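Take a look at this single chain, the form predicted on its own, given in structure tokens.
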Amino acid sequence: MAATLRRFHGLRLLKSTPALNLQQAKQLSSAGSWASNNKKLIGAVGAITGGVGALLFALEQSVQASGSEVHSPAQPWNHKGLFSSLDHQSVRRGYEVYKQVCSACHSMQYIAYRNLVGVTHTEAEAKAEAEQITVKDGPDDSGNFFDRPGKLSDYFPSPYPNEEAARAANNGAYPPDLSYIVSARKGGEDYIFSLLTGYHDAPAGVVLRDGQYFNPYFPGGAISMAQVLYNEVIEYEDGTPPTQSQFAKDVATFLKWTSEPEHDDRKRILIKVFGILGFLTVISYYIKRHKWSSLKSRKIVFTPKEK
């Protein structure tokens, strides 16, 4: 027994803790003061950051309220859910609307025919779509340029050779490229839908120049693009009723896909992330409840043997 006590004494397990000296007390006091000052600093930074954020939000709301355009209402899109994908049938119909109506003035220079494969068309259908255009290629072995049918690697053709030609054909207005138009406009697809269906006669007091039309959803109300969507302006190949709102809905969904082609992949990854996190949460709870809790709550007690 005496040998056991000497061993514990050598390990400093049974030694009494000496009282703090003055230097140690000062160090503890300065450490506590430093922690208190840090808490105050962090609190002040947090308050300033929150105030600046609230001010910016208020300024943005005031700017929106003072604008001259009507804000587009939110539409019940099928892809707005956390795990909802795009309606690919609607995307395909939207491509038809773009091809037969919008492509007369607007380009999509960042979208290639190969992007349609597996989304709206099969590979054979996408090839057939690409072959309908003529691409100037070359030079050949003789140094001459030549025309050839389109391929999957070709991008959607532009209706004008350059910006000057586009402006000359549209009374000085330049039709924007539609590849990322949904991401580039506040309101996204809601704005596109409202703009395409929001043409009205100009109210009293609003003066429009020649070649301008009134649309309350466009900033300023005066837009150079005429109304292009009407009931039965085109026929859908799948027999969907060709109404103006259906055209606007489908082309807005198509432009949503061109702006975010990774939309469905991102949500598919989100489902996997939630599944993995749920599995890890269950495993963590099991380990915490049945493994770690016993280690954390155990006590080591020295009970000397009685003589």
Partner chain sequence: MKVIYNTLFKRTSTYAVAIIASTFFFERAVDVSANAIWESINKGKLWKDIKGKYE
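In this text, the rigid core denotes the largest set of C-alpha atoms whose superposition between the two forms falls within 1.5 Å. Numbering follows the first chain given and starts at 1. What you are looking at is a predicted structure, and each value in this text was computed from that prediction instead of being measured.
Same protein, other form: the form predicted in complex with its partner chain, not shown, and the subject of what follows.
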Location of its partner chain contact in the model of the complex, chosen stretch of 196-204, 141-149, 120-128, 212-220 [non-hydrogen atom, 4.5 Å]: 120-128
His88, heavy atom within 4.5 angstroms of its partner chain in the model of the complex: yes
Close approach of Ile276 to its partner chain in the model of the complex, 4.5 Å, heavy atom: yes
Its partner chain contact in the model of the complex: Lys272, any heavy atom under 4.5 Å: yes
Contact label in the model of the complex: Arg92 to its partner chain, heavy atom within 4.5 Å: yes
Heavy atom within 4.5 Å of its partner chain in the model of the complex - residue from Asn170, Gln227, Ser158, Ser84: Ser84
Contact residue in the model of the complex, from Gln75, Asn78, Ser103, Gln109 (heavy atom within 4.5 Å of its partner chain): Asn78
Arg114, Glu232 and Glu235 each touching its partner chain in the model of the complex (heavy atom, 4.5 Å): no
C-alpha of Gly278 moved at least 2 Å between the shown form and the other one on rigid core: yes
